[in-house]
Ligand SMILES: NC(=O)c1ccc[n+]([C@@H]2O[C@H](COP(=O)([O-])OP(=O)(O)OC[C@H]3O[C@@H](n4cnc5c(N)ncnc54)[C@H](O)[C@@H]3O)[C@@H](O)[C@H]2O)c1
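The chain that follows stands alone, in the form predicted alone, written as structure tokens.
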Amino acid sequence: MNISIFGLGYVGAVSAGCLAHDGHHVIGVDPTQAKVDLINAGKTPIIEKDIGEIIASSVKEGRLRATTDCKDAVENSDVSIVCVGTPSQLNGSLDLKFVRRVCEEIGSVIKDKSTRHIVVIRSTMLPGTMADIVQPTLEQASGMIAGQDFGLCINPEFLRESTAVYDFYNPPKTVVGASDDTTLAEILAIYEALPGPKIGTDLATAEMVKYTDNVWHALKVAFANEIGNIAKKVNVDSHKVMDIFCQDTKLNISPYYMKPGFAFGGSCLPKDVRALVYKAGALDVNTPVLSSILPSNKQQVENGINLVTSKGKRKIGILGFSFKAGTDDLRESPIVELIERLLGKGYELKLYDKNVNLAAIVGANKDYILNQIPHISKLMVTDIDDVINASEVLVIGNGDEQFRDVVATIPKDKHVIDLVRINEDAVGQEGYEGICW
């Protein structure tokens, strides 16, 4: 395939070299003449393991050249990959002037091309940038429509400095957000020989994936450092702790706990976060990440309350109010807090949970219900239909399988707020809404 790459910095130079090495004919484009001259001389404009040899051999074999001329590059390629910088501004927002300028230049050329062109954005950009800036800029400059007259993609990179060439050929995943299926297939074909999953999605999701990855990586570093700071204070080897921690791939390093939804609760997580933060304070160890966990969790409860009250209805039914399905534990259940807050605001509530039955419940949970939340026990019913029929808004509070089919059968005049995304097939159904989706 004939490919032009705009921006010969870190990402652009690695992408240009590796794609040319794979047999594609690549034209690098950059306004800096010095970078163009280096590429054409078979030299790398960046310091990165193995890229020098790759560029040298690709130039020698005639598969890679560079230019400052956008028109030349676009006219002689089928795909343009944009790798220009998106630096931070003082307020934290991104400076997108380079992306906008390149899109204007590419658009002005493809309007006169007789063949269909594909524009791929590889620069890191916030969700919404493709829809708000990239697509309108290209369409205005070209007079064409994305997904119809030209293809439009975003293809986030997952390259680490110092191992970028290795990462290019061994990606954890390949993600392409595309304007249309034809464009998606053509771009995924470029990476066909690479290992790892190939994921096609929409433009906005692909934008968000890149930021989710990077912020998660930053959070992991901050989390490990704060655990390390506490461990050192109590004479524990933090590396031993984290080595053991990382061996748990069922819960710790896994998709578990990674589905957006309602707040966490129960007798363990809130108590243990609270205790470790207290211990850190007693040791004079500052833990801004760990200390933000419970406030963040509390905010999710607020978000749930606001979502319910925004419907403007007074009769609320709660389906499932133990802190998770398959248990009768109500201690520190965020659903219980939501119930109490709604009661305090004067809402009429009915509650159903097959696992929370006063006639059968014993021990600490029965004591908690009768002594700590007796007002809630009076609202409990044993028939799920009683809740459905009496309510204008139904809140699904935990993932009990019993509630999966309820979503599809609830009358259309009722609002359903699902805090756990219990029925994937119902997503997008009118009147059905989640807290994070």
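What you see is a predicted model, and the numbers here were worked out from it, not measured in a lab. Numbering starts at 1 and follows the sequence shown.
The form predicted in complex with the named molecule is left out here; the points below concern that form.
A heavy atom within 4.5 Å of the named molecule in the predicted bound form is found for one listed residue only; from 18, 422, 11, 417, this is 11. The stretch among 93-101, 277-285, 254-262, 327-335 whose residues place heavy atoms within 4.5 Å of the named molecule in the predicted bound form is 93-101. In the predicted bound form, the named molecule sits beyond 4.5 Å of every heavy atom of residue 119. Although the partner is absent here, residue 31 is a contact residue: one of its heavy atoms lies within 4.5 angstroms of the named molecule in the predicted bound form.
The shortest heavy atom separation between residue 85 and the named molecule in the predicted bound form is within 4.5 Å. In the predicted bound form, at least one heavy atom of residue 210 sits within 4.5 Å of the named molecule. Contact check at 4.5 Å (heavy atoms) against the named molecule in the predicted bound form: none of 69, 111 and 180 pass. Residues are counted as partner-facing when one of their heavy atoms sits within 4.5 Å of the named molecule in the predicted bound form; in 150-177 these are 157, 159, 161, in sequence order.
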